[in-house]
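Single chain ahead, by itself, as structure tokens, in the form predicted alone.
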Amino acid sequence: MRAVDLIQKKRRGGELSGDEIRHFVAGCVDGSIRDYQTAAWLMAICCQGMTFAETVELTRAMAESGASADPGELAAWAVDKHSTGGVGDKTTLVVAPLVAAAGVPVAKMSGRGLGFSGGTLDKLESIPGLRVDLSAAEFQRVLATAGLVISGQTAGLAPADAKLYALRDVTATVDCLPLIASSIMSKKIAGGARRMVLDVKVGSGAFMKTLDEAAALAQTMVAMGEHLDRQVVAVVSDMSQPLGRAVGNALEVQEALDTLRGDGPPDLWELSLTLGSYLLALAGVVSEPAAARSRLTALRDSGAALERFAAMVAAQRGDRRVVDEPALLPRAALVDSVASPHTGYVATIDAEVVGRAVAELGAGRAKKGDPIDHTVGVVLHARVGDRLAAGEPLLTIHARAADDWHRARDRLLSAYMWSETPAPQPPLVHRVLGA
């Protein structure tokens, strides 16, 4: 089989066989198929789509492109949580230690930032020394030690997804349902968890802009889970404005730590509580999600969840002191606030505009392999529905230099729309599938 023939077949709307998909994925991993050919194939998929059968085969091929963690060795009831990506979405850093503190092993494979959406691995690497490039053996060791592991797709675990993930980020092929679904599910299969909760984002700061698109992606992944013998719950949550207040890698780590201490933004805590409750229900710890909320809250209040986070940081060679001393996180050279230009109510905050502004500050990548700046970002002081007087602090920008700060200020101010009357808060959770 030649790569060019498979690209042409998909470009013309043909359905690829399982053998053809496995051949292409293997070539991506071993280098016999070049990046420019893979990029063309991804664009053809983005334009023509994939059938459900193709999407399942792509997921299998990506999951089997390297070693797989053995769920029997990890834990028979390990669970996982994944987000389709959003702006300010640091729920993994809150949910995973909460659930692990409840005695349920959390085996998670995560990704890096895509486009305007931040990545869990980039956020974790804000912690000095912390490693996310774990081998299969290290992945199992950390899980056994801390009851919680968050790793990336190394050469051993789902390497095909790592390759395709990075190329999608720089070829405008991120917002494609079969590519999103196969990326997420392949990591879940390779990571070994058989029970998972998927946080499917919808809104301006998500790759799925409409509720219909998000529901279709959620339903596809729930169906794939059934097909691949996994229990899947998909929560469709709102991303029409950034989640929480902090957007940027080190800033989001600090906000997650604040939330685990009980001092975080209410929306971040509420969504983390919802996702964590479904994970405990899937693990059989509680009979239904509603019964888990008080238990998770108690684990936060007792400090057990924060201690679990610290154990994971230490097991992955990070500086454990960061958990108690967030000032050890890297800091931007220039930190300054922006005043509200209006008196009135915040009507909307375009999350995508905020995400792109933070990426341009240096928190995101313009091309594959670009380094990122963990220190930069923004902290929002008002949310949709809040009232401000002109001159009150609207947001605080963390930048490397004055020119960066001024460009970000102009872009960020354009994300806001104002109203003279109170604006309704969008619902945090739109629907739940597969429960």
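The term rigid core refers to the most C-alpha atoms you can superpose between the two forms while keeping them within 1.5 Å. Note that residue numbering begins at 1 and tracks the sequence as displayed. Given the structure is predicted, the values throughout are model-derived calculations rather than measurements.
One more form of this protein exists, namely the form predicted in complex with a further copy of the same chain; it is left out here, but the text below deals with it.
- This chain lacks the partner; the member of 238, 122, 255, 169 within 4.5 angstroms of a further copy of the same chain in the predicted complex by a non-hydrogen atom is 169.
- Proximity to a further copy of the same chain in the predicted complex, defined as a heavy atom within 4.5 Å, singles out one entry of 56, 372, 44, 397, which is 44.
- Under a 4.5 angstroms non-hydrogen atom cutoff, a further copy of the same chain in the predicted complex has residue 175 among its neighbouring residues.
- Under a 4.5 angstroms non-hydrogen atom cutoff, a further copy of the same chain in the predicted complex has residue 11 among its neighbouring residues.
- Residue contact with a further copy of the same chain in the predicted complex: residue 67 places no heavy atom within 4.5 Å of it.
- Residue contact check for residue 40: one or more of its heavy atoms lie within 4.5 Å of a further copy of the same chain in the predicted complex.
- Stretch-level contact check against a further copy of the same chain in the predicted complex with heavy atoms at 4.5 Å: of 405-413, 57-65, 383-391, 32-40, the positive one is 32-40.
- Once you line up the core between this form and the one not shown, the Cα of residue 382 stays within less than 2 Å of where it was.
- Comparing the forms between this form and the one not shown on their rigid core, the Cα displacement of residue 35 reaches 2 Å or more.
- Superposition on the rigid core between this form and the one not shown places the CA atom of residue 164 2 Å or more away from its counterpart.
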